[in-house]
Ligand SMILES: NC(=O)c1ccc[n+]([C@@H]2O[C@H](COP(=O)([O-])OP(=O)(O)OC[C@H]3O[C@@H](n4cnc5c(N)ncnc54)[C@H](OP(=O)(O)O)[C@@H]3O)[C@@H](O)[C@H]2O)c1
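As structure tokens, one chain now follows by itself in the form predicted on its own.
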Amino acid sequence: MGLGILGAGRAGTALARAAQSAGIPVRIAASRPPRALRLHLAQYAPRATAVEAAEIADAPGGHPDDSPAGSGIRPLVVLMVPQEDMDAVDPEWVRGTVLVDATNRWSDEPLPGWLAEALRQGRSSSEALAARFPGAAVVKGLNHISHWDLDTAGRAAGTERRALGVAGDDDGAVRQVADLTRRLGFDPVVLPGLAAGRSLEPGGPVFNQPLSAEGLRRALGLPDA
């Protein structure tokens, strides 16, 4: 399947380049309309297709309504919008998708009220997003690696494969994101549920740490595979 990306900043375009190097077709949407976005993509992600945000679930590989009956395969959309701008994302855009939460919480970033309240109640940001986007299966992933490492480290020859965590409550969605992670050149390490994804966030034990699968499991206190 193809990949949809919401957000065309440094992280979004780095993921687009990494995906396309892995042979994954990419559509990308941002706050600017596709006509204005194309010039930006021509420089930073030249093989990505600019689309309206409302069309992001139509990423190559199919719309939710086009998936083969019983296949369990849903369109993959990666959320790379700053958390402070999350109110701009319409839940209908991602209904029926596997939504990869690649966002992070930064201490100086103002948050929408619903997200700030969820964090005050002790929920992780991914759990708050799952409540905000009930039509999507939210999975935490691709967030604890810098955009320049995302663009290159997964394909560096002669180096140990880096591991990336994947956390979610929907087993099928977790499998899809783990497969995407593997196709990008990384080893996926599955965490026990969406709430566990908070350990992948800034200030956590593995954020921006280049670890092998064994090292990532050890740092997170997970059992050996």
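Because the structure is a prediction, the values reported are computed rather than measured. Quick note: we count residues from 1 along the sequence shown, nothing fancier.
The protein also exists as the form predicted together with the ligand; that form is not presented, and the subsequent description refers to it.
> At 4.5 angstroms, heavy atoms only, are L164, L200 and G204 all close to the ligand in the predicted bound form?
Heavy-atom distance to the ligand in the predicted bound form: none of the three under 4.5 Å.
> To test your reading of this chain, name the stretch in 179 to 187, 192 to 200, 42 to 50, 24 to 32 whose heavy atoms come within 4.5 Å of the ligand in the predicted bound form.
Contact-bearing stretch, as computed: 24 to 32.
> Please run the contact check for H147 against the ligand in the predicted bound form: heavy atoms, 4.5 angstroms, yes or no?
Because a heavy atom of H147 falls inside 4.5 Å of the ligand in the predicted bound form, the answer is yes.
> Do G96 and the ligand come within 4.5 Å of each other in the predicted bound form, heavy atoms counted?
Contact with the ligand, no.
> Should A16 be classed as touching the ligand in the predicted bound form when contacts are defined as heavy atoms within 4.5 Å?
Flag for A16 set to no.
> Using 4.5 Å between non-hydrogen atoms, is P210 touching the ligand in the predicted bound form?
Heavy-atom contact with the ligand at 4.5 Å: absent for P210.
> Only one of L142, L129, A136, V77 gets a heavy atom within 4.5 Å of the ligand in the predicted bound form. Which one?
It is L142.
> Ok, L111, L119, I73, V89: which has a heavy atom sitting within 4.5 Å of the ligand in the predicted bound form?
Partner contact (heavy atom, 4.5 Å) among the options: V89.
> Would you mind checking 1 to 24 for residues with a heavy atom within 4.5 Å of the ligand in the predicted bound form?
Counting only heavy atoms within 4.5 Å of the ligand in the predicted bound form, the contacting residues of 1 to 24 are L6, G7, A8, G9, R10, A11, G12.
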